[in-house]
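Structure 1 and structure 2 below are two forms of the same protein chain, each written out on its own as structure tokens.
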Structure 1
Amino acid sequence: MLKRFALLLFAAFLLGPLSVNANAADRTGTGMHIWFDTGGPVGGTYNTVVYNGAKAAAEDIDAKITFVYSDWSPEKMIENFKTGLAEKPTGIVVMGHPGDAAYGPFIKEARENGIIVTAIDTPLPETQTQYQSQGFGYIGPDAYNQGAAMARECIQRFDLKKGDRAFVWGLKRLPTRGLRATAILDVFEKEGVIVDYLEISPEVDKDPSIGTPIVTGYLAAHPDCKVMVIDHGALTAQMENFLRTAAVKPEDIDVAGFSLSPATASAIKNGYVDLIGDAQPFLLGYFSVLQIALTEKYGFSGLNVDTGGGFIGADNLSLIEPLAKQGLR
């Protein structure tokens, strides 16, 4: 009995590491190190979902992943990229906000050192053309297409006609991100809708609770406004509060916005928000990590995935809401 037990132990000692190695060898990302810029601040609503996607992918493929945060600052993104270069990872995932010109020399340096780079959220078209065959892809919404799709959906769902008034609250000042607001304005204006555009101030951008008097003031000045499009996730989440303060009833105005959060879900249920454009940020994190690993292991070229095609309303909310609470949608 004792002999059999000793043999069993000996076999486990020999085969144990082998089986672990065999399992590890099966995983696509084993031994790889991915440097990942989440783009926003620590705990930011949107980039935390991106983070969750990247973390899930890294766990699934057994890759080591390092997260950095850039507070949506292009300068900080470049700084983080330089730090990433010094770490010599297998690959770097960047948000494209600084643009091709700013990233160009550093991505060139990365490629010369054998580091794979890929972009998410905001495309880097020139860099992608140059390095797509070497794994440089783009995962994320096409800002202009997403904005245009939202505007068309608003026209269709809310029966907007020539001469109707709409309010758009956006961030046109941000180079590529601003294309979403630009597209909304373009489609509305082409349709003959009267559009009042308001740029989101840096304070309101960081702390949506400050936005209340702005909505009240605007609606008091323009009681004929039929639709409000809020090109900002955190502000969309607070539209119920804004409209309650402005004494506007849910049926008085149609509201469209972006990114689903628990507060937005609550606003949809109560009828204060009617339509949400979903950029599916979890996919940005997940697919970009896979992109690096697949390129490193199998030499695949860069993927081009548009994640911005989804819309959420009262009709499909019940499916998506639990996922939003977990930071997956």
Structure 2
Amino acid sequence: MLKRFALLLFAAFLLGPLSVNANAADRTGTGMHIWFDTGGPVGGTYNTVVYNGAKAAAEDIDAKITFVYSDWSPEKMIENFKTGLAEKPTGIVVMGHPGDAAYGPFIKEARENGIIVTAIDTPLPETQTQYQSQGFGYIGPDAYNQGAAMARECIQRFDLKKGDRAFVWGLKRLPTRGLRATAILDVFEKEGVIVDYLEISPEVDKDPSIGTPIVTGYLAAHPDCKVMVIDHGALTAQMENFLRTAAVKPEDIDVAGFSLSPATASAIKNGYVDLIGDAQPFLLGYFSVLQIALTEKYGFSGLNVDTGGGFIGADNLSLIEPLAKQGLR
């Protein structure tokens, strides 16, 4: 029901704000200031789509919005949050990578100062339980469910069997965000798939282009690898480059990853990426900005909207690729 309600709100805002009068002074977000952490680096493939959604929502409701970038560093996310507190905005949108414990004291301070906070991409379940009635929601995929669905789809689509080898590149170290990689491993290992897991380093997390020697080195040492699952949107976008450098042909290995981008769409068409789990990042940006405005103006509690669950491959790419080129998917 919440997802349907949120989608109806989305349509309502595209057609016109909740207020009857269409004058700018009467629009839902007029006079509000939203501090928005996009999570990744400037120009990052995934967080740019999140940015586009947030920017569109702010324009639709006439809210001021300030964007900050954290290079996927949990420490930098906390620093950006503290800077946001000093600006005293109407609300702050965070990505939950640092976890409940790290964010807890600062979100408490925000609420004590009347600042609304909500999360995207990675949930903060303890914080949401405490502050949902005050507008703290979550927009994004359920990490564990999305990871488990991806692993099951890989088993079915790529005909994985007991004893087959798979490579998983993920972020298990991060609270909650790491549940996606954990779920992939759980499902594969239950089915008897031999899994080689590698943690994405902070350096590669920030700059995926430096991941080339990791992929080439792994494939040289494990030529029997049947499937690679990349738990990172920007790294998925680099997979065609990585595999070409490793002299691996599209038919030699199956690759699954997350988040569509123009580069990933090209890799699908060229056969280097076979399956994408889609979290619809535009909606993360759009709904979270609306969340803050709706709470500030109407006292709504936090929404919980699961944006994950869909898959993209060569069979449905033609429907979605034009949207990816527009920065909407």
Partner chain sequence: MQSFVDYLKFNAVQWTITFVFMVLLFSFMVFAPHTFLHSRIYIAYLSTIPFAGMIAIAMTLVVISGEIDLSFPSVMAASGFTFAKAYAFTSSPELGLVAALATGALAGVVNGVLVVGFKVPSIIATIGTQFFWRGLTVLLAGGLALNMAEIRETAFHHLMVGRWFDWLPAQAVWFALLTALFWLLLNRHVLGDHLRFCGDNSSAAQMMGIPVARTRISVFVIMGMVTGLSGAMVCMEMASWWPTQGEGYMLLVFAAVFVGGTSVFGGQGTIYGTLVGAIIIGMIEAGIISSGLSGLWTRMVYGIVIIVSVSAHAFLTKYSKK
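Everything numeric here is computed off the predicted structure, so don't read it as measured data. Counting starts at 1 and follows the sequence of structure 1. Under this definition, the rigid core comprises the largest set of C-alpha atoms superposing within 1.5 Å between the forms.
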Two forms of the same chain here; which is the form predicted together with its partner chain? 1
Checking E126 here: with the core superposed, does its CA move 2 Å or more between the two structures? no
Superpose the two forms on their rigid core, then report whether the C-alpha of S73 is displaced by 2 angstroms or more between the two structures. no
C-alpha of T176: shift of 2 angstroms or more between the two structures, rigid core aligned? yes
Fit the two forms on their core, then tell me the C-alpha shift of Y197 between the two structures in angstrom. 2.9
Quick one: how many Å does the C-alpha of A247 shift between the two structures once the rigid core is superposed? 5.9
